[in-house]
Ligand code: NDP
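Okay, so here's just one chain, in structure tokens, the form predicted on its own.
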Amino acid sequence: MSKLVNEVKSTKQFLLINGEKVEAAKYAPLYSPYSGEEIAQIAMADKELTVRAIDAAYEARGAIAKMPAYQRAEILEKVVVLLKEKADEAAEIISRESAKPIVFAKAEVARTIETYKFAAEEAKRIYGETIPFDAAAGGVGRFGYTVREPIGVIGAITPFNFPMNLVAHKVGPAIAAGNTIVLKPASQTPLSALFIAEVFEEAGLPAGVLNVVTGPGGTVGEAIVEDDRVSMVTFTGSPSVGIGIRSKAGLKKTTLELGSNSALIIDKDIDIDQIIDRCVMGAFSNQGQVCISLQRVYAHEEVYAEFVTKFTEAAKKLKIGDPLDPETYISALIAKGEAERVLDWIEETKESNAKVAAGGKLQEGILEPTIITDADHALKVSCQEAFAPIVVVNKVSSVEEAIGLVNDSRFGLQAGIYTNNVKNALYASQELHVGGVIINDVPTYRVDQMPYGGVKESGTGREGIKYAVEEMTEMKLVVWNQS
């Protein structure tokens, strides 16, 4: 066990405000989702402490805004170097606090390093444009250009499922653009956020630029959303909370990455053996607790039976157990209540024509990878976001039918299609009502520089460093009269 994790275990974890560790009046135990053991005591901030963090961010905004771009880039590059050195302990923290299997935790750390690298690069290329004013009769004798300026204080509210990389997707572009941050991490995964804040301090980030406030969302999140000095709220989480933030945010900018029940279409001309491993990863990595986890499969009737057989065989081979075991593929869901919820959803399917082809039970408290066939669209496992290792596989007679079923959803984050037919691929790219269409791969595909976000109840705005920088800056027009 790493030195850092030993230090974390059963110790007090403080708030980070204005570069200092700050005590809270109350602390709450943090338990391992897998073993149930106490990991640490986490500070529970109240409104007063949250406002104090906003004070610090507001006071520091001038220092980071005026810092030259190359210096902001150097800090982010230093974070990359430090995180490479600390990669193993970072992965262990993720795995212990979230029960993410260590193989996936290590992959998350590698992506986090890439994300901060992208942020360092984007800090150097925040461009405006010149405007041809003499294209209008009233513009003769004038020239103008746009510049992008930091927006100010950003409130970042992050989820448990990628506790380090989704923090990076908010903190990285915020710093690249010259903003300050008040970060409220998920209650189950605060250690990753506190760890990365220490890395930034070591990298030379000025005090007050990044403040970490742990505590209940109803207290900390509300204070962030309601404070007029916070210029933007970036949130990843449930649609209900996101919609609440949007309604309370007033004129603040908001980027909201919300729910999904991502779908995959499999056309009749596909070699099933070539796609099984990707489908297993898409459906079951991180216990299905991925915003773009593969939850629905619509397979053409000519390949349906073969796909179900081979997909089921592959799912049954996945190792279940301790997240720190490098052989483990499936471990505990983030909370026992989540497993109970999903078991209720599986039980609901038994009252219909649906069949449980694999899984459907707990194994030592861990939900087995579950495959359900012939599920009616109205069942919760199909129409709601499962956020669990569960996938529905249904038969279709055409790509057109499949697209109609994919679109019949309140969500629209990403969708995938496997096809060797160019016309079907083009048709799907045009007709699928989602934020991203992935051709010849699962909808779970993401690299960290691509624009990422959805439509409908999947949210508003886009992440992906370049695109997040655009969200986190304001455009200013400058016009010179030469006459």
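Throughout, we count residues from 1 along the sequence that is shown. Predicted model, so just to flag it, every value in this text is computed and none were measured.
Beyond what is shown, the protein has a form predicted together with the named molecule; the following relates to that form.
Only one of 77 to 85, 266 to 274, 126 to 134, 185 to 193 lies within 4.5 Å of the named molecule in the model of the complex by heavy atoms, and it is 185 to 193. Although the partner is absent here, residue 166 sits close enough that one of its heavy atoms falls within 4.5 Å of the named molecule in the model of the complex. Contact check for residue 241: a heavy atom falls within 4.5 Å of the named molecule in the model of the complex. Interface residue remark: residue 250 is not counted as part of the site for the named molecule in the model of the complex, having no heavy atom within 4.5 Å.
Contact check for residue 359: every heavy atom lies farther than 4.5 Å from the named molecule in the model of the complex. Contact annotation for the candidate site: 160, 218 and 258 all lie close to the named molecule in the model of the complex (heavy atom within 4.5 Å). Contact with the named molecule in the model of the complex, judged by any heavy atom within 4.5 Å, is made by just one of 373, 236, 285, 409: 236. In summary, among the residues 230, 245, 346, 209, the only one with a non-hydrogen atom within 4.5 Å of the named molecule in the model of the complex is 245. Counting a residue when any of its non-hydrogen atoms is within 4.5 Å of the named molecule in the model of the complex, the hits in 380 to 396 run 385, 387.
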